[in-house]
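Here you get one chain, nothing else, as structure tokens; it is the form predicted on its own.
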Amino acid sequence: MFTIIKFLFLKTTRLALLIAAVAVLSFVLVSNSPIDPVDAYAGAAILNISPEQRDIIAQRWGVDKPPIERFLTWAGQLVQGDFGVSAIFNEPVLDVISKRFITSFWLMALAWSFSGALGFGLGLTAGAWEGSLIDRGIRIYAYTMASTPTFWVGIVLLMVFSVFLSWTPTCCAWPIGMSADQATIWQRLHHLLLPVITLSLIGIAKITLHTREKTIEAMHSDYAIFARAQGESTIGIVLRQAVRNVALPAVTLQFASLGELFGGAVLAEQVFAYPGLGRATVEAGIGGDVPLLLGIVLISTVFVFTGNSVADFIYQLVDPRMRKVAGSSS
């Protein structure tokens, strides 16, 4: 019990320091962005806006103040739980993030689950039959996907299945003309299909290669050699011996890959015009929506840090050696 409390305390402290550092760095980068928030807010109408109107818009969004003053004001509101108001959506930032995060959650959850399960299975298969045609085929696929950009995979799938074959929608999270409440679960799953496949194809590669290496180590270990000498089959060794040693590193890596999953979701949502948190990030960056962009950065920081913390906790919970290392290092 004490170990868990100590683990949570250390992680909470690190998260607080990380959020503070990310907040400062993100604000500095956004403040030095070449995009003028007033120009981005006004758009094409900026040519018809007088200097007085421009000053009013600048005062409305607080960009007429020095950067340090703006940061202190924003940080003070942030401590109170106020992330500000989005200039693009004209809504509180937390409301925008909550709506978009729910939409992105199903995309990332399905892709995360499929990539983990399929990657683990392919890695076990390739490692168990090292050097076979199956192993070579799986390695070629994994290395190819590991070096392929997410947006390129999305564009190819979109061209084949949506444009040429007309099997899947070309955009959005539900049919055009409908709201989220009006769409059925099957319609939403239909629109999720290609984005999920895109993220899964990329995510499978890393888990596959990592699991393959761990499986090869397990298949060449003393207990595997002894089991084979006793007449155990390859499948029996994999199921009875290798899986137990390979599963924990694979699960840990899967939780630690949430940052890459979020980055991939940003590109996938942009390709498929999927109205999730990733696309909102791009819109906030292009539109100079500073409060929304900073809010998404902080929320994604917590999201990724939580994934890494869960991975550390699982490893220490299952492997007593990790608890000893963590205790001695602290």
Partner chain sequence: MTTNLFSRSTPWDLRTRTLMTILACITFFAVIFISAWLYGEQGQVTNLGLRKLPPSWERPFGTDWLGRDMLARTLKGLRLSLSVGLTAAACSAFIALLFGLAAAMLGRTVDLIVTWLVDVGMAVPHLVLLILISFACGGGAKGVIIAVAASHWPSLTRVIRAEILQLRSADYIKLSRQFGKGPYWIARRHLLPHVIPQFVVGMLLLFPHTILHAAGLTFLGFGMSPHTPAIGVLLAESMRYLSMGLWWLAVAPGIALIVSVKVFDMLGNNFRALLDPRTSQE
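Residue numbers count along the first chain shown, from 1. None of these values were measured; they are calculated from a predicted model.
Omitted here: the form predicted in complex with its partner chain. The next part is about that form.
Colleague: In the model of the complex, does every one of L29, P149 and T301 come within 4.5 Å of its partner chain, counting any heavy atom?
Modeller: All of them do, each having a heavy atom within 4.5 Å of the partner.
Colleague: If you check C171, L239, I134, V163 against its partner chain in the model of the complex, which one has a heavy atom within 4.5 Å?
Modeller: Among C171, L239, I134, V163, a heavy atom within 4.5 Å of its partner chain in the model of the complex occurs only for V163.
Colleague: Going by heavy atom distances of 4.5 angstroms or less, which of P175, G84, G259, G121 would be at the interface with its partner chain in the model of the complex?
Modeller: Answer to the contact question: G259.
Colleague: Examine I56 and determine whether its closest non-hydrogen atom to its partner chain in the model of the complex is within 4.5 angstroms.
Modeller: Result no; I56 lies far from its partner chain in the model of the complex.
Colleague: Hey, in the model of the complex, does P51 get a heavy atom within 4.5 angstroms of its partner chain?
Modeller: Taking the distances in the model of the complex, the answer for P51 is no, it never comes within 4.5 Å of its partner chain.
Colleague: Answer with yes or no whether H190 is in contact with its partner chain in the model of the complex, where contact means some heavy atom within 4.5 Å.
Modeller: H190: no contact with its partner chain in the model of the complex.
Colleague: Please run the contact check for L107 against its partner chain in the model of the complex: heavy atoms, 4.5 angstroms, yes or no?
Modeller: Because no heavy atom of L107 falls inside 4.5 Å of its partner chain in the model of the complex, the answer is no.
Colleague: Of 283-307, which residues get within 4.5 Å of its partner chain in the model of the complex if you count heavy atoms?
Modeller: Residues within 4.5 Å: G285, I286, G288, V290, L293, V297, S300, T301, V304.
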